[in-house]
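A single chain comes next, written as structure tokens; it is the form predicted alone.
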Amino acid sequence: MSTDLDPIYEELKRLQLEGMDRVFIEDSTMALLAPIATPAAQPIAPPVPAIDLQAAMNSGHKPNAPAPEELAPRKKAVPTTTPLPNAATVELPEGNAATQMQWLQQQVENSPACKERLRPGEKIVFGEGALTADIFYCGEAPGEEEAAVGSPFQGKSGELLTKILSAMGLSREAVYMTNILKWRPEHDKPYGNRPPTQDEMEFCLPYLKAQLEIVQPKVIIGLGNATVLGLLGAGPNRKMAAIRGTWQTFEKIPLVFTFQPSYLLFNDTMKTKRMAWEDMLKAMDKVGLPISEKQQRFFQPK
């Protein structure tokens, strides 16, 4: 199979984990999925039976692939680093919030395990925003654009999050933003991003908990399916489709999960936008932000 299909497969798998069951496919992508024409001089091969996309995704095999028994197991990312050590114990020093956050950032940036997992040209993505923020945005892991500049929620998804904040009457400077994982997850592909593993997120949890201890927000907004697993632990019902929009707690702080902005860019429907917006309204109400009638009607059918 053409390696051009690899990023398509990985993206479909990621969207499936987020709860998406329908996607729009452009003609150029369909051309990649089309069977290769059989040369006239070659014997005509028997027709290939249709493969159910959902079954193929669940089985871990790509669409249009040979039968499972003819396939070798799908290769996992080849680690280029040593195994993760035990998670660090973080005890914040005396001082104000700014001094403590600066000290904590230095601990992360100087961590051998964190530095070892950076690709050339990538940076630790620690977090940024108001140290007295009521709302604390937590994603799963930095992507390529975030790692390049060392700042969370960049690119088109970051622009969308900025627009969401503006609709809430807020700015990026008024909230705190970070990810559970402080580096871009490594993998054996030159493109795309990989969701963090449970072990990776558990290694970074002490840093996240220390950030929460410093900021002391009133609400945490978790973005993305992997964040559910990172903050609540693995479990059969720990999926975005089952838990989105419901109140949970983490470190005794009210927590609500919603879709990550990159998911909203792919699933650009009024229904999905409204679902995410209702989660923002929940957070606004929890922290006591005023909600106008206009804001209440955003993304509703006219």
Ligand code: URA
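Numbering starts at 1 and runs along the sequence shown. The shown structure was predicted, so the numbers you read here are calculated from the model rather than taken from an experiment.
Unshown form predicted together with the named molecule; subsequent notes refer to it.
Among 153, 207, 176, 126, the residue placing a heavy atom within 4.5 Å of the named molecule in the model of the complex is 153. When you look in the model of the complex, the only residue of 111, 100, 197, 157 with a non-hydrogen atom within 4.5 Å of the named molecule is 157. Proximity of residue 258 to the named molecule in the model of the complex falls outside the 4.5 Å heavy atom cutoff.
Residue contact check for residue 139: one or more of its heavy atoms lie within 4.5 Å of the named molecule in the model of the complex. The candidate stretches are 100-108, 139-147, 198-206, 115-123, and the one lying within 4.5 Å of the named molecule in the model of the complex by heavy atoms is 139-147.
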